[in-house]
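Take a look at the structure tokens below, where one protein chain is shown in two forms, each on its own, as structure 1 and structure 2.
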Structure 1
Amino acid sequence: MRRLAGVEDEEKWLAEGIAGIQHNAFFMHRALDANNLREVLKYSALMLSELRTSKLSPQKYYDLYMRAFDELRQLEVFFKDESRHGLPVVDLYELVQHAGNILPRMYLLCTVGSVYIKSKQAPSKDVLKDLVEMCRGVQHPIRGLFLRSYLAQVSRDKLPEIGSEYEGDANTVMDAVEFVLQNFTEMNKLWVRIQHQGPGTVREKQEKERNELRDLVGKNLHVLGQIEGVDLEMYKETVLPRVLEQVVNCKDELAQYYLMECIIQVFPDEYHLQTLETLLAACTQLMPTVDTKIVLTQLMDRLSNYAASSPDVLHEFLQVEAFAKLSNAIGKVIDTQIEMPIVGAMTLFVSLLTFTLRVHPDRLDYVDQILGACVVKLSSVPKLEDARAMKQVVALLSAPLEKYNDIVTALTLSNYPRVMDHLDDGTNKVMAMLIIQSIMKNNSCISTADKVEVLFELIKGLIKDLDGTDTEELDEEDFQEEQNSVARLIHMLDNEEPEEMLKIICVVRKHLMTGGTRRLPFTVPPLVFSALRLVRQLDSQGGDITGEEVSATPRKIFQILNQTIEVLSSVPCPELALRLYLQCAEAASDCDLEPAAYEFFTQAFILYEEEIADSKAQVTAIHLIIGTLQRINVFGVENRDTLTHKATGYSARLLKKPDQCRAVYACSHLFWVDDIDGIKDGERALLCLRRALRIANAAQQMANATRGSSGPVTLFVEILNKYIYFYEKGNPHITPSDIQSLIELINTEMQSDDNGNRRIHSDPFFTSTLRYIRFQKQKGGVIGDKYDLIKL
């Protein structure tokens, strides 16, 4: 009837109920004032009869109940005072049972019962037992729940728990527990029963109402948790089994979920730990629709926190084999609850892992075991698509990284990559990035080839295109960041032992080579430099490794490097390849490996000739070549001539005159190296400079012809500086008169310029050059003497 009624009707009924209570309470108060027991009982019973209504929803009923509750407090005061009603409490206890209707009778009986216990005229356990038993008469769910909740409330401070005045003699804490357990059991039955009433159409409303009532039931568990003197033994033998029996047997989704939650929250951690088996067994027996994973997750979270709270408790975990039990239970839950979404299973694994990492940080095998179970579960479903599940997997994989702060540990987990395989490409990359970031953050060094192999297997999402990835969709910035990370990662791979280091390099190379054209420009340079570092290390160790049958020789490494860079040139990325070749050449030179160095140069030149077409790139390249070649001193005369000749030739064939000019005067350095054993071919250096002058001249004429103004006096000044440099360094072919005539030439060029502005503003570079010469003159000494020969 209630179900069909509207809210308005309900309000009306509530108002009527309240009015009824107030009306009868008025007469009850009058009787109380007159100490008239018979009238008090009559009107209190009438008042309580208002609670017999079936028309109200739980919330409204609660309103009504609270009003009656307040009145009952006054009644209790009256009952307590024997001088007011003149009846021993035991007689009173019988008298109230004469009431014809059960609900008022029971409320009165509970009220008198609490007074009875307080009077200590009867053992509290007997009274409590009687009350909880007699309450069975109220089988209406809502009325029964509120009645029993009243009983729980009035008895709360009268339980014979340890330290209570009601404990002792025949009254033990066991009786208190027994009482609360029984009340809990009955309340839960009533609560569950609401669901079976009324038609299915109002199911949703019922669920809501039941939810509102749940705390009435849960309160009992709170009380159980608070009873003083419930030791582990009692909890294990009595409390938990009884509560769980009720939870499991009620076969109600809502109740099971809520009560398990309550159990986990209200009882101490160490109890959970010691009764883990029982608790977990119960979890596997819950209804399939119950969200067991949240329950288990909460349990594990609590245990994890407990473990974290103090190192002293850890041995307890070992003692009870907490991990094995949890792991088993989770396995069972996942197996039995087939409908559980994959995200649920993953959440469970994450919790278990968190637990394991906190409790057994030393047991990597446990971690691996969890990951293994995870793999099994993931393999049983088609490709993972649920974003939330993916998130959980990422969490699962990140947890060990965060815990150990060391990827090396994670690399020993054989199931780790297998779990990663189940991620989609995007997530896989995210995870790979996380791994790399972890390495960077902790500055951890991966030092064996095996580990590197595993690591690259893990981050293969970054290393190469996975099947089905649409490269078009990738964000360029993201991609660059990813590849930069990989590049940084390569520098973290290090081993003091050259043999191992070489292996590492080979492994890395193997993986990187699969990366495709877009990745190689990012990944090859760090690899090359990593290898070069090894080369220099070998070189610095000197000859003590020669003679043995070792694979880690510079020669071998250079071979590998050559092949590696070659791949890059076909990407195509010739400029980069060229730079790397030159780096290698220089390293080879340092190792006194002339053939290797020559080979690298050859490769660089080939690249220059065949691949580098852009004029600007050419300029950059030629300057690099010149610079590198200048520093290399390993070449014999013949090789050197070939190379310098080539370089000079390239310089002269650059497209723009100024570029030509600058390249050519740079070439002059190839013939005069300011080292003790450096080549000192002053004549050819001068030839270069003269050639540069010619080109500069031609350039100026061209400028005059095309634009009517001459710009490149700068070139002359630059050449002048080269002259001064070589003069100062003692090139005998450079004479003061050469310099003087060049200065005059420049002056003439500047004056011949018919642009008026030019005359006023002389070239600052030229001015400072002249200032330098004057400065050297004044300074005197050997250099000063030289400069004195120059007349300004």
Structure 2
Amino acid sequence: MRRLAGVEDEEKWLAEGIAGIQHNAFFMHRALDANNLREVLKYSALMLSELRTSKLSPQKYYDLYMRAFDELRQLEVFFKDESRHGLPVVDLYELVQHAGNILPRMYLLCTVGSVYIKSKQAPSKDVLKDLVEMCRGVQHPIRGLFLRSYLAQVSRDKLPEIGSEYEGDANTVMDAVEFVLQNFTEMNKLWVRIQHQGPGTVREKQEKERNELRDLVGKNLHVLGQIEGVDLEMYKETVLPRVLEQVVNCKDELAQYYLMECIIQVFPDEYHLQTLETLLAACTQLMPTVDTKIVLTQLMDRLSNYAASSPDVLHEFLQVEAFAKLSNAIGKVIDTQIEMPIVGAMTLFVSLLTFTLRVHPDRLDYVDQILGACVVKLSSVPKLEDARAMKQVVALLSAPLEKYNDIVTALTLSNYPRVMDHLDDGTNKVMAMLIIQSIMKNNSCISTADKVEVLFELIKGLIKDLDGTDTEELDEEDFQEEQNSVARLIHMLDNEEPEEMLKIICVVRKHLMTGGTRRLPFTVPPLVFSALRLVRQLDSQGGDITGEEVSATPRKIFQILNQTIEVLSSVPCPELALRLYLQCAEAASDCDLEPAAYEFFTQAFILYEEEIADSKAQVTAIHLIIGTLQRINVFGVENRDTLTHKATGYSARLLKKPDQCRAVYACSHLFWVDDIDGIKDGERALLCLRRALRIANAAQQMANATRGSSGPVTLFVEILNKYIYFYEKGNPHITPSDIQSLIELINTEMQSDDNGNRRIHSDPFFTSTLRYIRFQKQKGGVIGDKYDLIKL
């Protein structure tokens, strides 16, 4: 209620003040109309006396001031016209100094002084100096600030700057600068003094009021930045030292922070660069409670943008050794401000790194130096838990990736992984994903084992559990995305030199093997295919490559692959391991390494026997084995017989009869391979087909026993197509009568069931097969003659 009452009282006092201004302004206007100077001065002084109040807050006082300001503009017009009041401006300047109270006197003096300068009857510097010194008579902070603000406003267009009509022999730019600096100094003192007024209990209110008044002080610096003729030399020798002296000596947190911010914003970038040492020295002298990081960050951001604006200015940064000065200043600030939170230090490092990457993109040693300083600071904290600080560290690590568009450059930074070590597990993964995305986006190729080692240390959060983190807690979709990213990364590792490529594969394998059972099924396959790509490269070069340390031979690579897939098979993930064994067997066959190919097949059969129990998985696996074995021609008779015997045996032992049938007739291709060097054992191929036919017949009988009908004839038609294939390929053991008999069997099965009941049934597959036979008959020639022997 007290606060509410205070607001109501303030509104009442403001209304009274405005009413007083309006009342006296009315009589002043009457006097103006009558050109009565005496009455004008009397009522204008009474009107301005309303500004003597101490009851209003800065915001309310501003409302009152603006009412008086509007009236003063009309008063100034009156003073300019000597014909209306009949006094020379010099005498008028003397006359208004006799006003009874100092505040109205100074407002009137400033108004007449403005006219005095415009008349050019006296040097503007003398009038300005007189006004700025006489304003010291008003020492109440709020009243004094608004009075000096009025002085600055009415004198702004009358400063003797270059190009101004008031510049002359007696008036120089230095006079204009001196006036603004003096006014700024006095205003800052008044502004700072507000905090010392009243009891400490109203400190928060005072801070709020001071915040409302700060622009009045800052306008002086804006004017300094706009004065024509303030060159670098004057700025360096006069303006900046005087302003900084006031900033440092005022020992006020709010004033120091705001004024440093103003300096950085209002003066040109090139001036900041040439006075960098002076500016940074002032930053280290600010009060410990001043948020220096924001000041330095703003300064570095401006300099960074200046460097990016034109390549022509970069040499200036080198001349002044900008990086060394900024780096030293930031180090001092962080060391002296012990209470600075870790996020503040990280923000400074990010700004310094941004500056460095723009100004000195070729100086990786500078980048590494910043990262090293970051490591030192992070090492002083037991554990980085601040989310904002973590975000800044990610920004710090991301900056080199974005700048260089090449992870290889980042890998040369020795402190890069040391910074990553301070991230928590979740953020470490985020950063690792950013690194991989950068590699993919820029199509970067990591081509040496040393760089791969560093890279996998950086992304270790994705390839193994950190600090005992349980992968079961991870979201499955996120986990799969992470592991797929690692898998894609492995394909980006390449080197034309086989010896180096083998080293890369060994480094990757070393890291991946620590990944745990959930990760291996994602990461082992790309590693295997990368190694197989190297095997085929060696094979195309026609021999082994031997280096000083590592022998890059297909045989050695296959040994590594065998050990790698063996780990995968124990995960357990037997179906995937079996596929990889078969891929390796085919590659070994291409290299004419029969023992290696046989060993891979042996491992595949062991997995099939011992690990794959699901019937559907067994069907898929046996077809993969048969298909791979059919394509391989490296085996001698004995080894091939052993493997084909195993394949046909497992085919016949599948759980379901249809699966048995299909696997067995697929085995017929193991004995008749349609290429120049392929095996051509027509008799054993026929035996497979007959065995498949018996199994199909048994399947029909079982279907009849369980369902009361023989069911579709699809298996018979599939076997018929195999007969036709081998007949067409020239297998002498497949005769037209065999095909004809099978067609008749299918027709019989389609026309009646086991109870002798005749039924109409059509099988599209069988119809298409017969159409094919007729088509071949019509072709004529050798093929046509061959098919003519088949009677439909």
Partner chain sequence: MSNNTTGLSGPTRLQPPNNCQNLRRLDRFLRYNYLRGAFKPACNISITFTDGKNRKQVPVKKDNGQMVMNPLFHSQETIAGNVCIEPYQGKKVEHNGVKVELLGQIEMYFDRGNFYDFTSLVRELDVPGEIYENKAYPFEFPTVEMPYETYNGVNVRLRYLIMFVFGIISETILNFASFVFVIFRYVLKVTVTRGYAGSIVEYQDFVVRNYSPLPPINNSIKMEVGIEDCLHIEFEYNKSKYHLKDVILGKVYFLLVRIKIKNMDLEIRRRESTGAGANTHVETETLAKFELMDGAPVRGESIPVRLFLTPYDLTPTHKNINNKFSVKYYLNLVLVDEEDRRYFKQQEITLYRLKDESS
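Residue numbering: structure 1 sequence, from 1. Everything numeric here is computed off the predicted structure, so don't read it as measured data. Think of the rigid core as the biggest set of C-alphas that the two forms share within 1.5 Å after superposition.
K.L.:
Between 1 and 2, where do we have the form predicted in complex with the partner chain?
P.N.:
The form predicted in complex with the partner chain is the one given as structure 1; the other form is structure 2.
K.L.:
Splitting the movement between the two structures into two rigid parts, and assigning each C-alpha by whichever superposition fits it better, I want to check if residue 238 and residue 424 land together.
P.N.:
Residue 238 belongs to a rigid part other than that of residue 424.
K.L.:
Through how many degrees does the small rigid part swing between the two structures?
P.N.:
When the larger parts are aligned, the smaller part is off by a rotation of 5 degrees.
K.L.:
How much does the C-alpha of residue 81 move between the two structures, in Å, given a rigid core overlay?
P.N.:
Superposing on the rigid core gives a C-alpha shift of 3.0 Å for residue 81.
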